[in-house]
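Shown below, as structure tokens, is a lone chain in the form predicted on its own; questions about how it binds or moves come after it.
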Amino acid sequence: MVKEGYRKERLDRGIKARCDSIFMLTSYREILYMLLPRVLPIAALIIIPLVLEVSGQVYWQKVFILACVISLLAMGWDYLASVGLVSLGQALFFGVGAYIAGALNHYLKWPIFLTIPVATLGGALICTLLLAPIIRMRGIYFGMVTLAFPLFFNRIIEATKLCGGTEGLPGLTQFPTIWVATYLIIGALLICLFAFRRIIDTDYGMVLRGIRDNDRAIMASGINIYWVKVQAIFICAAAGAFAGAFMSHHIGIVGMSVFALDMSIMPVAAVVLGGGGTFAGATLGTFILVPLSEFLRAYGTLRIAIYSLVMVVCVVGLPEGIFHYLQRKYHQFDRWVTVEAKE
């Protein structure tokens, strides 16, 4: 509601101003102020699986693992978007990594500790080679081509019966316990989150954002923007391929469903809901959407309508994203001030 004769002013909290320098270390309040937003999410990721185990919620343990997997895809999408490449085919990275790990384990009997690293790097390399010829495309044109690749691989596998065809590759080696799987994916999630945020805050990250905002200016400075885009695709694909390789061993089977459209749409929706550009927003959005989607299964076909309504309300009400909103409220406050009339 807008008050006549007033305007809303946004100011930093005093404690935030004091935390911008080394003097933060002189007070435990300032230290806690800076640590809480970082420590609490990490602690939640570690504690939630323990709570689910104690309460006997085996199903929700699997949902938690799925949320971590989708988070890797969402962060990869956010990283790729930072260089101006909008991907609609995260399922490509996920599916290629899953099939490489599944094929190595099913046909060559390679152990998990070899299939996952090889699938991560091999899948990233294959996806990069596939997408390298189209990096000159911009906007929706790049996105449409990436969307076509998972559909293409689905039809190829179905027509040629490659890697088991529609039946897939069953009987893959699974993780010894659910705890190994859970904390492996949590560790990968935290490593990617920290690495992506560190990269984007460096000079290299500034180049990425510069290519997104004004690629001609970056080219004029003598930087090969196409090589930088190839590097971004490789990093994004590595995160997605790891997620696919992990998931194939977690469920013990790999099939055509790894190229499903859900694996492409859900990461994009998570970034939109949580807020792009921070990677933490992508993770937050995922941990809202995935449990919500599973919870609404009890409503049958009405689930899609409720899910869509929640998405619309969140996007329209918070276009900046939930994470940006929470971050702003944590560091700033609003107040109404009078508008001085001009003489």
Partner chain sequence: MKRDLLKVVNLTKSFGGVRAVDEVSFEVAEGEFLGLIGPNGSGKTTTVNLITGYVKSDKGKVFFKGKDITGKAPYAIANIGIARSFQMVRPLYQLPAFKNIVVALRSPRVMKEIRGGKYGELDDIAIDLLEDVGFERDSFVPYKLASALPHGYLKRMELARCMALRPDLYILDELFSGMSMSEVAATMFIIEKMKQGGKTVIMIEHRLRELFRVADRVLVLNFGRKIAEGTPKEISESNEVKKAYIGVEVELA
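Remember, it's a predicted structure, so these values are computed and weren't measured experimentally. Residue numbers count along the first chain shown, from 1.
One more form of this protein exists, namely the form predicted in complex with its partner chain; it is left out here, but the text below deals with it.
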Want to guess which of 167-175, 210-218, 143-151, 72-80 is within 4.5 Å of its partner chain in the predicted bound form, heavy atoms only?
210-218
Answer option from 137, 206, 86, 129, heavy atom within 4.5 Å of its partner chain in the predicted bound form:
206
Name the residue from 253, 238, 225, 256 that puts a heavy atom within 4.5 Å of its partner chain in the predicted bound form.
225
